[in-house]
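Listed next as structure tokens is one chain, alone, in the form predicted alone.
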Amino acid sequence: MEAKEVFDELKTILVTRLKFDPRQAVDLTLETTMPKGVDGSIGLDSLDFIELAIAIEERFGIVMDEAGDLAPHFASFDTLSRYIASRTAGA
């Protein structure tokens, strides 16, 4: 799966699982940052990230290894999309 396809799926997850405003989801780009407190981010907090990780596991069939540091992967839609795409390559 390509990173762009993953990005589109992530926007759908935001709207359906995290109840993100669909009108705002349209304006998201790969460069949009995710964590709360970062300029220009969508403002996800720790509970949002847990819900997002669960949804990613369910949708893409990958395990988000909590033993490792996942924070860098959740910095922006680009980093997360690339991470998921690399984990689903060949699947």
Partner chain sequence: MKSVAVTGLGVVSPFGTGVKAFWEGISSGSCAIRPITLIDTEGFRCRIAAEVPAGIAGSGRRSRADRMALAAAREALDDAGIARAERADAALIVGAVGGGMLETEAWYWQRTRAGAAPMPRALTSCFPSSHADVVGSALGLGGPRETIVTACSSGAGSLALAADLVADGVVPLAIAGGVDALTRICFMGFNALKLLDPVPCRPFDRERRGMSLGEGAAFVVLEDPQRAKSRRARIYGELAGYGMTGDAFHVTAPHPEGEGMARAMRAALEQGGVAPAAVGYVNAHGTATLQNDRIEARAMRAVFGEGRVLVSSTKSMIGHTMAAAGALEAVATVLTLLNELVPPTARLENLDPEIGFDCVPHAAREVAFEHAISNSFGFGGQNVTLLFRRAA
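Residue numbers count along the first chain shown, from 1. Here the structure is a predicted model, which is why all the values come from computation and not from measurement.
If you look for the form predicted together with its partner chain, you will not find it shown, but the lines that follow are about it.
Every residue in the set Ile50, Glu57 and Glu66 has a non-hydrogen atom no more than 4.5 Å from its partner chain in the predicted complex.
Taking non-hydrogen atoms only, Leu18 never approaches its partner chain to within 4.5 angstroms in the predicted complex.
A residue is said to contact a partner when one of its heavy atoms sits within 4.5 Å of a partner heavy atom; Leu70 meets this definition for its partner chain in the predicted complex.
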